[in-house]
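One chain comes next, on its own, written as structure tokens: the form predicted on its own.
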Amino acid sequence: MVAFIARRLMISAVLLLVGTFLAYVLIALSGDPLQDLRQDTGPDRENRIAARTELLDLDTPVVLRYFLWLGGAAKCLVPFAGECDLGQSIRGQDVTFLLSGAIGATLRLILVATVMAVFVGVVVGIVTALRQYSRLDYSATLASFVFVSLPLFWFAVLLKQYIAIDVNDWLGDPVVTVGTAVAVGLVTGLAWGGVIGGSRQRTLVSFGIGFVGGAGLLLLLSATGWFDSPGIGPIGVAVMALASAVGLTALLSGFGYRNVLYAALVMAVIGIVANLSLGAVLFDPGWWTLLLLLLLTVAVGVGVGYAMGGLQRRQAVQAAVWTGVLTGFAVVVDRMLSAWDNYAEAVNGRVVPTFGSETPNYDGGFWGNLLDSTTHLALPTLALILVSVATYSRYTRASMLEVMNQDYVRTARSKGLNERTVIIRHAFRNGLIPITTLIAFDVAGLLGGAVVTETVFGWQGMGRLFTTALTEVDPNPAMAFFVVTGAAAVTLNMLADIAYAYLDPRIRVS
């Protein structure tokens, strides 16, 4: 494995070297960085041309200029090689500083979209594979083809119009009509009936439950004024914690093993008590405080699962840890929504923004700023998710259908293992191999494709940095964009190759 990793590192370095050379030459020959100065009629034109020529080494041949640039850029990729130096922009700004600000905004967008798209896409893919040729399968296939065919820029504009603008207008007087509730109930009923499936009677019962639940909940929230000042509250957190414990137990082991259920429920109770007792700590925390609480939650979950798991200790630990994490997530959402009124007042009720990555000059404390960042992430993340989910769900479905016909899956069933164990522990792990490759390509592709998303939604990220550099024929910021996307592509593909051996023991690394 060590030799394989070393070999992959060398190949990746060569690929990155060749790619950066070609990109640098093409960018350098794409235009004249001095064009705007040559058209200047001011008295100091020659001095300004000479200063920019010296700043960008324009009097040096392109090939030699590339190696001068490479000497500073290599320090960004090689640990402890020295201070990272990506050169200067045509305005004399340090490109490393420009990139550090832009990459944070882009990574925040890309990581959230990728994690959610992978989770939703894999779940949909597994369910549709298990329900092959059902109404749910056909519906998911149709939706996938529709979303994957939509141009991202056009879809993003639709979201701005029909989600952001219309929702903001509705929030001025958030009253749900009976017709709207019925329409939402029909959608939830059809979705619930499709997921549950089974006989016609079972499908109709599921549809009825979904319809009543969706329409009734919407009317209840409207009647209680929840949309004016949304929140979860301690009761909501408790319900979500207990529901997480029950759901995770059903997923990981089933209800035949009571020890797993008891461990998850104990962890849920610990989370409920912690939410009520840590009010002072969570009043205005920081990211390090939340990280410390997350680590403490994992440690307590491991301890509870290990102590109560018995023969099912592994499943108990997993159920307890994930119950604690999901409970913590519910607490974070509840605290974030507590800043809703202050935030809505600061943005004049337009709580679904359509432009930028943050509200200028807004400081609502930790929870208010987190709510601000979340609302700005909503539309661009939704655009990226709906396009990516289609791909992940189709690949997962195809991979699971192929894996479930393999001999070792039939052998697992013949041994008497329940279907949950066969799917989760045998089929799903090997079915993840194509998804691993897809994730590696998708993250790198999303980094490169951030140009379109950031342009539509006005994010000051790497996409804006790249388009501005191309417009102004500014080579160094454009190369900074290419270095990040190129390094991400080769690194993620190398990690995907390494992950193959872990996911499938049949793969041997020579």
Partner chain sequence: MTTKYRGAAFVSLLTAGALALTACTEGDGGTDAPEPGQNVATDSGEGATGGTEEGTQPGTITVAVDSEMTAYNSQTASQNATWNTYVENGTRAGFWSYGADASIVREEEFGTYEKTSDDPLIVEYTINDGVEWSDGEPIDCDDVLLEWASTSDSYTDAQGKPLFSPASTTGMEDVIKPDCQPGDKKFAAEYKQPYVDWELTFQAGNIPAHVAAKEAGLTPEELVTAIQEDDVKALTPVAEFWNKGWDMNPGKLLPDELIPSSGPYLLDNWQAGQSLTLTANPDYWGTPPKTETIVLRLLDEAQTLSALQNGEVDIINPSNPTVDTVATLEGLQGQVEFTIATDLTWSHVDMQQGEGRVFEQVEVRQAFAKCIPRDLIVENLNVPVNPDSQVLDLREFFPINEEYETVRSEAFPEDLYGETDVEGAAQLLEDAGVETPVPVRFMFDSENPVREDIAAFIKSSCDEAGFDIQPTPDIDWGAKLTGAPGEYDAVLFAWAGSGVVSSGAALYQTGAGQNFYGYSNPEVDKLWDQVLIEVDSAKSVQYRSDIESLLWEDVFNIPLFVGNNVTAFSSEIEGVENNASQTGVTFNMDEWSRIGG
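Positions refer to the first chain, counted from 1. Rigid core: the largest C-alpha set superposing within 1.5 Å between the two forms. Computed from a predicted structure; not experimentally measured.
Another form, the form predicted in complex with the partner chain, is not on view; read the next lines as being about it.
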Classify L446 as contacting or not contacting the partner chain in the model of the complex by the rule of any non-hydrogen atom within 4.5 angstroms, answering yes or no. no
4.5 angstroms heavy atom contact with the partner chain in the model of the complex for S30: yes
Closest heavy atom of T485 to the partner chain in the model of the complex, within 4.5 Å or not? no
Distance check, L248 to the partner chain in the model of the complex, heavy atom within 4.5 Å: no
The partner chain isn't shown here, but in the model of the complex, which of 302-310, 392-400, 181-189, 109-117 has heavy atoms within 4.5 Å of it? 302-310
Can you work out which of L98, L290, A140, V325 has a heavy atom no more than 4.5 Å from the partner chain in the model of the complex? L98
Within 4.5 Å, heavy atoms only, which of F147, W367, F428, F207 is in contact with the partner chain in the model of the complex? W367
Scan 350-365 and write down, in order along the chain, each residue with a heavy atom lying within 4.5 Å of the partner chain in the model of the complex. R350, V352, P353, T354, F355, G356, S357, E358, P360, N361, Y362, D363, G364, G365
Tell me whether V456 is among the residues that move between the shown form and the other one (Cα shift of 2 angstroms or more, core superposed). no
After superposition on the rigid core, does the Cα atom of A113 shift by at least 2 Å between the shown form and the other one? no
Could you tell me whether the Cα atom of A102 shifts by at least 2 Å between the shown form and the other one after core superposition? yes
